[in-house]
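Okay, so here's just one chain, in structure tokens, the form predicted alone.
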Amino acid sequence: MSARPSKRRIAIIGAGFTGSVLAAHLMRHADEPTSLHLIERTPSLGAGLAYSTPNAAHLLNVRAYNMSAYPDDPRHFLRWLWAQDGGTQDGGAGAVPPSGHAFVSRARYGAYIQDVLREAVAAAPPHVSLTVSQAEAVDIASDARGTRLRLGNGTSLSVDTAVLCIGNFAPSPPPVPAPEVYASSRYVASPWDWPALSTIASDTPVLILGTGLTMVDTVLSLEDKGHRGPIIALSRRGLLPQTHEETRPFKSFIHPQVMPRTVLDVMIALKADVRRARETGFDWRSAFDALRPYHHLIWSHLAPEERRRFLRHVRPYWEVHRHRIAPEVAARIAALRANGRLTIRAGRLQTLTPVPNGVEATVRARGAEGTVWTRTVGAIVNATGTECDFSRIAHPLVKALLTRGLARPDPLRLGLDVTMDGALIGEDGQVSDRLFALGPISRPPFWEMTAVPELRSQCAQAARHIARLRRSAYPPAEPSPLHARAMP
């Protein structure tokens, strides 16, 4: 019989913001011998997709004051900024004011998360260790014998607990049959594929699918590499993210014991708050932000059909007001629209047809008339947002989870079906005590689980929960073969 391991073993799959901050919190909370295994496919820890951009013009969409990695230390990021060159609060160039109302580059924030992880390792107690593996987790099995991971480099790892922090997935192709286009170099499937964006000729017309935050990043990337051709951004409604302005404390209409039960009730009350804010000299943003601490509570009180109604009718308008852009970024987008370089259109993509000099896109405009227009473009960038329907994601680890029945997509296709603690719910409806998912893939019970203020709280709570779990029956000391359901 295999010897009982001397340490509890926890694997964290993904070392972007969520995985790195979870590791930092676990090193704080683990009160028994614990071996943490942080598995990341890229060479860089902490940055992930969001903060690995090489473009300094890509700014955070949340002011610096709200970006601490620790919910119990809200000024942690500010102190880090002030300690860096050019980050003083004395009014110098690049100063971040004491209010924290500033929007720094995402790359800089990635460096902060890397420092958070380094400091956590340095301060970890002797009974906690961290091992980093640069590899991709491609298979997983979990049963009475334990949980086993197989990595892309051919190694296996047996652990007591596995936490998926795998972030976001690139958008799926639009629902238009155009295999020749999607297979060509004229189609950029992921807006975060910086090398692919850099191959777009500087004078070619570009069609960007989507008009949200990702479109904004794509436009800035094209501009900063010298693109001078016209850009059309297309979405169903043609909505642009609103601009951040400094807000003031405002009391929300929400009373935790009297929660709205319908989307209509939420919107009526929110609009009343906006009117009340304006009457007292506040901006609408103050009323909207006052609702933020209650988003999860509101969502939990909505019936499934009300959640569907929100996603179908309200979501686009909610997101452009909720997820705003820095004033500096908004000014650049406004200037591009004013000089005709960027055009925002509302409509539905109908066809994509290869032509000798590019791709011809046919669009039915939004509105009662529904006029049809066509444009020939040299490149198409899919910036429609991350894919959340896990039944459409081809990543081998995701396929293994679903095929083995260890996880299931939630009914609204917002992510994986999980509990409020992040425990995966299997195909049979059973809640796992070994497998957890955090970050954007755990969105279904919360609705909002994409921004740092929500993610850091989730990481802190999950670390406390996982640290309290009893050590379950251990897998063999030597890695065992994955043997449950066969991979597809």
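Throughout, we count residues from 1 along the sequence that is shown. Keep in mind it's a predicted model, so treat the numbers as computed, not measured.
Heads up, the form predicted together with a small molecule isn't pictured, but that's what we're talking about next.
> Answer yes if any heavy atom of Q461 is within 4.5 Å of a heavy atom of the small molecule in the predicted complex; otherwise answer no.
Q461 lies outside the contact set for the small molecule.
> In the predicted complex, does P445 have a heavy atom within 4.5 Å of the small molecule?
The answer is no: P445 has no heavy atom within 4.5 Å of the small molecule.
> Can you tell me whether V62 touches the small molecule? I mean in the predicted complex, with a 4.5 angstroms heavy atom cut-off.
The answer is yes: V62 has a heavy atom within 4.5 Å of the small molecule.
> Considering non-hydrogen atoms and a 4.5 Å limit, does the small molecule approach I13 in the predicted complex?
The answer is yes: I13 has a heavy atom within 4.5 Å of the small molecule.
> Please determine whether each residue of A50, W192 and H395 possesses a non-hydrogen atom within 4.5 angstroms of the small molecule in the predicted complex.
Per the other structure, all of A50, W192 and H395 touch the small molecule.
> Among G100, P409, P71, G167, which has any heavy atom within 4.5 Å of the small molecule in the predicted complex?
Looking at G100, P409, P71, G167 one by one, just G167 meets the 4.5 Å heavy-atom criterion.
> Given that the partner is absent here, state which listed stretch (307 to 315, 129 to 137, 250 to 258, 170 to 178) has heavy atoms within 4.5 Å of the small molecule in the predicted complex.
Contact-bearing stretch, as computed: 129 to 137.
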